[in-house]
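In the form predicted alone, a lone chain appears below as structure tokens.
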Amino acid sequence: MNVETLKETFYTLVSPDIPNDWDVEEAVENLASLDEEKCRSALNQVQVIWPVSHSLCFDYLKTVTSALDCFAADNLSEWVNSTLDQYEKQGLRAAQRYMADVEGNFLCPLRGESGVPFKRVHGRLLPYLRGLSGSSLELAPHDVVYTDSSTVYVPHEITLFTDDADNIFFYKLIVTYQWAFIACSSYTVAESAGSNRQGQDSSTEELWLQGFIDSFPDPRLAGDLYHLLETIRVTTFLESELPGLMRRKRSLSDQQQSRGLPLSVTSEPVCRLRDFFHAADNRSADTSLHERCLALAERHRTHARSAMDSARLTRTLYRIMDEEAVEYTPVEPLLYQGVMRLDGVRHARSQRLEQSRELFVDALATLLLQQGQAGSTAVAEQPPEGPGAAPDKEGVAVVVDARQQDALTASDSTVVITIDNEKVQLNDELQRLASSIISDLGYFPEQYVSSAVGRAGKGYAPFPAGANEEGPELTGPVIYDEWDYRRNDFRKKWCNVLEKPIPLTRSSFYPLTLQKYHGQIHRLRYQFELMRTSERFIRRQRDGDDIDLDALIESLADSRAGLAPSDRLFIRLRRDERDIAVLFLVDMSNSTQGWVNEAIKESLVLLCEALEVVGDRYGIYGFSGMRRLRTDFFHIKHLDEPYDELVKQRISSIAPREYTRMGPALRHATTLLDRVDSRLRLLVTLSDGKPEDYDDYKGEYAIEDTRHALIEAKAAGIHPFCITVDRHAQEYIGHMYGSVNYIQIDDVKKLPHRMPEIYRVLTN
């Protein structure tokens, strides 16, 4: 096929989009060298990639020719799907790198030569991590390498090397670097322990580092610079602490580069600085600007003593780049370096500080009681106004002196506490807790000591009672895949479902509904009461309530024929208890405005009144959303929640919201029902239209994803059913649910009358 024909075919495939003619010609000219069959196979994947990323599609067309030299056209679809997985997990650059190394990233796993999965090394890495840290750090797989200072997240699988031992070592290297960031207080660095900090709630204050990075005009550049400089400092720390491990790391440097590490190569100063500690061969500079930056980095490598040194040099390098008007292009970090996620660090630190504070105050109060230093003095719970300042006459002067033993790590500190001019000798447990707190905060809050003195002075009881407030619990977001029929595969971790309490509104809807359907509710209760148990006759039993005539006649016939007669001659009446769990999923999209919304709520009221009589377990949830990152899943009634006034108020508060992204809601409902052990599990959807969202979730794509979510529910042993009031439902509903798993109600006003009847048929 010539280039012009290829261009015309490409424009047809991506219609109605009209990309730049030069870009198209450059991308498709490589295909001209392929035979017609391979060329058509390559072009068939354009419709799969183009809706996901235009840039990735152009890169694919430039790469596919060399890829088809490595494998047959039959494997092309699988290669494309694997590339798209990388794109959705880690972005465009990761997908480009994946395509570039066909042998290592695609063919090796295809031949069974894949790398080392996390589950294989978890058993040996977790003891190693905890041995390094001396604490109960956790280890978990993730798409991105990082640490929140409580958990270290590593890749699901490492396939960088052909030798498993090297891949296992690289897992170890990642864990070691992430631990070193924690040990060196890289993310919990604090500028000073000034007196203005002493009155703050340390468990909720912002990370100093976050404010520092946000203070720059370009926070992304400042964050990358700081992270890079901390990686240089941490590398020096590890060279001293673990020289054997770092020697092996250097021996793998050539292999890392040949397999795609460092992850990108440009002439930007930041990249050059990153390469500075990665490979000695890259330390040469092309310009005076590079030389100046590299000289500062070399000095930092040998002289940096704390994370504050990295912060100061970040200011200097940022100023240099700003003065030289260097246009910064964000770069990806080295794999073992990972990324900074300061929100996660702040959350983990807050939880850890709350626990450490309680343990420290408890242990110090006990120590003071044992030493008799607290006496009977009444101590104010609030700390003094400044370090060393004395409080009221009835208080106790508290002085905390945190002496850092090693400037490299803030955790190597000794805390000296003075109460009323008398030093308190802290035991090992208290020193360990104090060092942990200093590592997180950069200082030790005097209010912790004041609280302990106060408890000891009051005859502290180690288990104080606290109010146990109950209320709706927000979860999530929960992440689900989404089915893409065009590529015949899932878009991995594509949709977020957020479980929320429904906003309550005051109304007289519920009592008015009871009054409106007063007579029908009485009939429903009677009808559903008859459904509490089911009765059936079991024939051919050895004992029972009556004689089975058919069995008796057969027995007599066998006896006269000379055969051994059966002794199973009775009928037994068996009463079976109902074992049913049903989840009602209510469409709360904006199209339910008006009569539809009112009819759905009235139907739920009638059904709840009836179900309370029969005793089936049932839950009610509503769903709506806006794009893939926000599907709202509203809690109205949990499966085991009592039917009380609050539930009635939630039903009355059901109201139209946004769009109908049905697939994620169905998957989340399936997850909830899958936790329930029941003979019959029903998932009943109440909707007024076909699935649709603001983005490209519409038409055939939305219908196919919803259909696949229903197939997943059936595979989990859950029976899905749909009650729809959409007059055009015949066009799509049968394809999604199957011909017998839905009912279309042509008049929305009939819904309250029909719904209990439908439920009775489904459960019988």
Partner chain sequence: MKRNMRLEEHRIEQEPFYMPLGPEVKLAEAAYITGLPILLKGPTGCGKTRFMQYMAWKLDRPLITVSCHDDLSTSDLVGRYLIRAGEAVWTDGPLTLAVRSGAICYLDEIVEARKDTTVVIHPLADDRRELPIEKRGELLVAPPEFMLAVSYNPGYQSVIKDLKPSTRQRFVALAFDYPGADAEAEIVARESGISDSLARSLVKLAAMTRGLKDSGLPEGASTRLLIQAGKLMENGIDVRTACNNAVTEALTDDRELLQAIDEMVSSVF
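Just so it is clear, the structure is predicted and the values come from calculations on it, not from any experiment. Positions refer to the first chain, counted from 1.
The protein also exists as the form predicted together with its partner chain; that form is not presented, and the subsequent description refers to it.
Heavy atoms of residue 519 never reach within 4.5 Å of its partner chain in the predicted complex, leaving it off the interface. Its partner chain in the predicted complex is approached by residue 546, whose closest heavy atom lies within 4.5 angstroms of it. Its partner chain is not shown here, but in the predicted complex it comes within 4.5 Å of a heavy atom of residue 241.
Heavy atoms of residue 172 reach within 4.5 Å of its partner chain in the predicted complex, making it an interface residue. Of the candidate stretches 142 to 150, 94 to 102, 593 to 601, 537 to 545, only 537 to 545 contains residues with a heavy atom within 4.5 Å of its partner chain in the predicted complex. Checking 245, 557, 320, 479 for any heavy atom within 4.5 Å of its partner chain in the predicted complex turns up a single hit: 245. Think of it this way: in the predicted complex, its partner chain has a heavy atom of just one of 569, 655, 524, 294 within 4.5 Å, and the residue is 569.
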